[in-house]
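Have a look below at one chain only, the form predicted on its own, in structure tokens format.
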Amino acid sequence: MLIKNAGGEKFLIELLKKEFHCSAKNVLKGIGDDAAVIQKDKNNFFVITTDMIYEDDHFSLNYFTPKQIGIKAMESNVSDIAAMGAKPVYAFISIALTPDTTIEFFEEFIKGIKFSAKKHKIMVLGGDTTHGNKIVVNITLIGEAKKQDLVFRDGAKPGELIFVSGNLGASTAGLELFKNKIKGFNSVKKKHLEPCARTDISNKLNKFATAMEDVSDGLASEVKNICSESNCGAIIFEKNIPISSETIKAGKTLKKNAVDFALYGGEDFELVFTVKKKDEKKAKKFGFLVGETIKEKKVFLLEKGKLNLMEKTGFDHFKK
């Protein structure tokens, strides 16, 4: 059976969780969250993630500069560390390059890596290089956190509020604009070319968020992930989903609904998080209220006063 028919990425992750379940006392979190968590000492933990970007899937040489490829590779990894409430510290960069790659390309790529590394105060300690038919970049990123600052996907409870840290849908809108060779909308396109992980607020959200995840595969997928791990359901308020006016205009130009970009697109790298109702005022300082958790283990979209079951998921590499 093909992976796409068996359930796509979700099926693969569940299979890996089953086959590599880890019960070691020093492993606080294994497969199934944005990063793994391993105990360093009594109250300090290593938070480890790895993420890969692939030419003509996550980036295209038709509109990405080499520097922007480096930035995107780093920021997508940093976002996973931020989603755990941790601080990124060490990075290992592996890259497959095509035979016709130039030294100039590689030097510009390194500038992108250094740009993000400097911004987030990350030390690059090593990695690997090889060749391939297309360019592939894989980064392993190690962060650190105290136990009380860690936030997982499985901490939400029914009756809590769901927030997202910023506007959604721009990255997917930017990608569609590039694919359709539509000029203008530079601010929207930049969101796709140069994403920014939200380390600026993750160390504040981890003080009261009950569950958290970064928006890499669309709001719908991330909320479903939190609900699945937390054993609850949710209602997403369509009218509350934050989308910039430029992204809405881009959607109209593309003759597509910008809400779909936000729900099912991904790569916005904002943070979606749940909070107890008593912390609503705190949460509003850092984001937008977009839903609530419920007991029923299903995810609904409230649109125009009607609850609709959300069967569609976000981005899946095996279901495109």
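Residue numbers run from 1 along the displayed sequence. Just so we're clear, the structure is a prediction, and the values are computed from it rather than from any experiment.
Below, we refer to the form predicted together with a further copy of the same chain, which is not included among the displayed structures.
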Review point. Would Asp57 count as a contact of a further copy of the same chain in the predicted bound form, using a 4.5 angstroms cut-off between non-hydrogen atoms?
Key: yes
Exercise for review: Answer with yes or no whether Ile110 is in contact with a further copy of the same chain in the predicted bound form, where contact means some heavy atom within 4.5 Å.
Suggested key: yes
**Study point:** is_contact(Ile162, a further copy of the same chain) in the predicted bound form, heavy atom dist at most 4.5 Å
**Key:** no
Review point. Could you tell me if Ile235 has a non-hydrogen atom within 4.5 Å of a further copy of the same chain in the predicted bound form?
Key: no
Review point. Mind checking whether each of Ala24, Thr50 and Ile142 has a heavy atom within 4.5 Å of a further copy of the same chain in the predicted bound form?
Key: yes
Study note, to complete from the structure: Counting only non-hydrogen atoms, the one stretch of 172-180, 198-206, 245-253, 111-119 within 4.5 angstroms of a further copy of the same chain in the predicted bound form is 111-119
Check your understanding: Tell me, which of Ala36, Val259, Ala283, Ile294 has a heavy atom within 4.5 angstroms of a further copy of the same chain in the predicted bound form?
Key -> Ala36
Exercise for review: Could you tell me which one of Ile241, Leu193, Leu150, Val136 places a heavy atom within 4.5 Å of a further copy of the same chain in the predicted bound form?
Suggested key: Val136
Review point. For 1-34: residues with a non-hydrogen atom within 4.5 angstroms of a further copy of the same chain in the predicted bound form?
Key: Met1, Leu2, Ile3, Ala6, Glu9, Phe11, Leu12, Ile13, Leu15, Leu16, Glu19, Phe20, Cys22, Ala24, Asn26, Val27, Gly30, Ile31
